[in-house]
Structure formats: structure tokens, C-alpha cells
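Only one chain is given next, in C-alpha cells, and it is the form predicted on its own.
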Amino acid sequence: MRNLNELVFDNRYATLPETFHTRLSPTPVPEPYLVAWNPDALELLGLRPEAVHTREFVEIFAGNAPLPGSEPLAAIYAGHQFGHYVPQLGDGRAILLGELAHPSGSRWEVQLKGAGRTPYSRGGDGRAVLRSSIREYLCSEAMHGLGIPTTRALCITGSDMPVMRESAETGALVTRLAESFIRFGSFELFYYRSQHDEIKTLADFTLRHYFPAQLDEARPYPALLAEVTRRTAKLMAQWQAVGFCHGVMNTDNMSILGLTLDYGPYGFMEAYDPAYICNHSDHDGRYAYDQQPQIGAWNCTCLAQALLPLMEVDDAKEALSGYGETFATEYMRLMCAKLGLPFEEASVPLVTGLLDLMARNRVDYTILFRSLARFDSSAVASNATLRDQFIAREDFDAWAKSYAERLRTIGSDDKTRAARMNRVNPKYVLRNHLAETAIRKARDERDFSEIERLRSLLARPFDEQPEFDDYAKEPPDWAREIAVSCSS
């Protein structure tokens, strides 16, 4: 483990030509203070825990002091936003400090979100608020706890400087980590500018540093597209299986590595509704829960178009062709596991039948799947506590009868099955009201304890943790008033 002055930077993205980024330092903030820090992320960087208790740590991750060896920059990219191409976006409020090399060999790009104006701010102030910073910090770590690929969060630093959104809010920065922040839109920018040499430069860089297996293929560019397509399809399956809605699946928010990237108006499904829209700004439901898989495919097509100068059209089509099967296979595999069933054709009607039943009865997604571990497969069992989650109890009875028969047919042992199901069905997810409670305590009382409580809880979402049972309950009535939008 190392001290701050012992961190070793090897800034590979900074070696790309200036066409890909602008070098600049974060804009300092007045009187910063530490809001939250993540011990798990400290380990990723090989940092000693004592480092967070120094003034140096706060000043560095507030953007007020440089890290020796870092080369701060803002990346440029474009993207399709709500289906419409925007020719230039870029890091409008995020600044990449650099890339840290861990003694173990792993590498992490370190980025400050809310670090001030850049050439890509498009008139914005380049800042983030405490509310959005808490939401990103908590959800990136919650997704990691669920085993879903994601960016990570190191810390939140706050400042009492006012930041204007709908009203004046407290400013903050979140430090996030990723192997790379390259996006689909990073390639789109150069395609639509007809800068084909830059497309090749970025593709070669991506292959060399992040996809070495594809670099060794006879046709590395189609192989790269096929692998990104596969990762994206699997990520969509994982989102769907836990009931996660991203809210803004623009191509500039899609990671080339298949990570969950840019947490804004996200939401975890509560009352099951396939058409659930978590983003108050998404008036047409483009990014509704049931649209996410096909939007993932559409975004991959946008990436394929951007890579066409490097491959034939038929090669691109072939690389994209695996998306549907990969998603369908991975999604059904995950859903069968959630029911404790083998991944085979006979299990599929039980999955689809239950989802249809849940949609008609608006059953809480997380609670129902977690409680199914207690299902009694004996012929005389009533399963009353499960049955009572449904308005149409007779319909549940019919499904339960088929489920029990299937479990008995495959010789499933209830106790063994329950343990297996509890390893894939989380008890805890980051419901919006839980995040909102942490936000209100931090904002109104300057009490940051709930942020750490949630981070620690959600790092182990499959564990019982009975002292936190209230965090696994349905949301309170006041939670209906919570609306998250693109400003979140």
C-alpha cells in the first residue's frame, strides 16, 4: 500500500494526439471537505487508508492541487442523444487526472466529475451538485456489489459554493475510476468529421491496450466490434435481470469496455412494469426498461457505422449479428437462475409466466424474487406469504403449481435451491428513496453517515444483514414524489 506521493502514473490516453483531448487543470473550489470515501476503491489504487485523513487528499480530489505525475485532460467525443446525432460533446464537467498503475498490474483512470468548465461544456458551468454526486457514488458501488460491470467511485468532495440548477444547490465532485472512459461516441466524432485516420488511431489504441486477444485476430477491427457487441449484450441482460434502468442510454454514455457508465436518472424497478420509465425527461419512453435491450443493439449499430472505414459492411453486419442471441441466452440464463431452475427450454415458460403475472399485479421486483427462495415445493404447501404479494391470488396458485411440479421433477432440494437463489437474487438494491434519504441528510444536516451506511450495505446485497431489514422493504408513500431527470 502506498502514500499519495508514491502513486505511479502512466497516462496512456494522454499519448494520443491533441485531436482527442484538451489538456487543462481542474478549476479549484473554495474550502473543500471530504463527504465520503470508499475503502474498496482505495485498495484498487493501492492507497493507504490513512491517506484520506490528510488535507492533501481533500485538496487533490477537489481539483485544488495536482497529483505528481498526473496529466489532466478533457476528452472529446460526440454521440446520439435520444436518437439524434450531436456533432460535438466531450467531457463538459469531467477531467481525467491520469492513469494509475497498481503494483499488481491493474490500471485505473482517475477522473474528477464536476471539476469545472472545459472546451466541451457547451455553455454549462462544468460543475456537479452534491445530490448527483451522491447518486453516482452510491450506484456505481451498488452495481459492483451486484456483480455488474461498472465504473467505480473513490470519494466525494464537497464545497459550500452554490451551483445553480433548478435552484441553488451545494457543489461537489465525485472521483470515479475505470480501466478506460472511451465511449461509442469517441469513434462517432471522427466518423462524422470524415477523419478516418483518427478512427484508426483510436481503434488501434483500444485494441492494443484493452483488447489484446482481438488484436491477434486476422481481422482485428471486426473482432473488436464483435467483442464490444457481445459485452454490451451481456450488460443489457444483467441490467434487465436485476431490474435496473439506466435512463439515458445515449451513445456517448456507452462504454467501449461494456461498463455501466454515467449515472444520472437511473432507477431500480420496484412495482414491476416492463414499460417503466425512470427518467422524468424521457417523455417518449425511448429508454424505458423494456426498450433497453434493443437500444443497446441500436447503439452497437451506431458504433459499427463509425468503424466502417476500417472494415467491409458485411464484416460489420457479421460482428453485430451475435447481439440478439447473446442477449437472449444470457438473459434467460440469469432469469432461470433467479428461479433456481436449470437453464433449459422447459424452464422458459415458468420465467415468462411469472413476469407476466408480476406485471399484471405490479409486484415488487426485488422483494418477489428474493422471497421465492422460501418457496415450498411440496404438493400441500400454500406458500401464503408469496401468494399475498399478488392481487390475483388464483393466478399465482396456478403458476406456483407448475413451478412446484417442475422443481419436484428435477429433484430440487428446497434448502439447497434457496441458498443458490439467494446468491443471485439481491435482498438490497439502491432504491431511489434510500438515496434520497442520504442526500437530504447530507444536504440539510451535513450528516454524511447514511452515505457510508448505504455503501457498506450495498457492497454485500445478497447477504441477509438483518439489522438493515427496513432497507429491503417497499418504498414509503413519500417516495412517490421523487422524480429524477437528466439534471439528476
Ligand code: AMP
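Owing to the predicted nature of the structure, the values given are computational and were not obtained by experimental measurement. Start at 1 and count along the sequence shown; that's the residue number.
Keep in mind that the form predicted in complex with adenosine monophosphate is not shown, yet the notes after this line are about it.
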Looking in the predicted complex, any heavy atom of Gly411 within 4.5 Å of adenosine monophosphate? no
Thr150: heavy atom within 4.5 Å of adenosine monophosphate in the predicted complex? no
Might Arg231 be said to contact adenosine monophosphate in the predicted complex, defining contact as any heavy atom within 4.5 Å? no
Taking adenosine monophosphate as it sits in the predicted complex, is Ser121 near enough to touch it, meaning that at least one heavy atom pair lies within 4.5 angstroms? yes
Is it true that Leu89, Arg93 and Asp262, all three, sit within 4.5 Å of adenosine monophosphate in the predicted complex, judged by heavy atoms? yes
Looking at His280, Arg165, Arg333, Lys317 here, can you tell me which has any non-hydrogen atom within 4.5 angstroms of adenosine monophosphate in the predicted complex? Arg165
Could you tell me which one of Thr329, Gln81, Gln195, Gln294 places a heavy atom within 4.5 Å of adenosine monophosphate in the predicted complex? Gln81
Heavy atom contact within 4.5 Å of adenosine monophosphate in the predicted complex, the stretch among 124-132, 269-277, 374-382, 397-405: 124-132
For the stretch 252-287, which residues lie within 4.5 Å of adenosine monophosphate in the predicted complex by non-hydrogen atom distance? Asp252, Asn253, Asp262
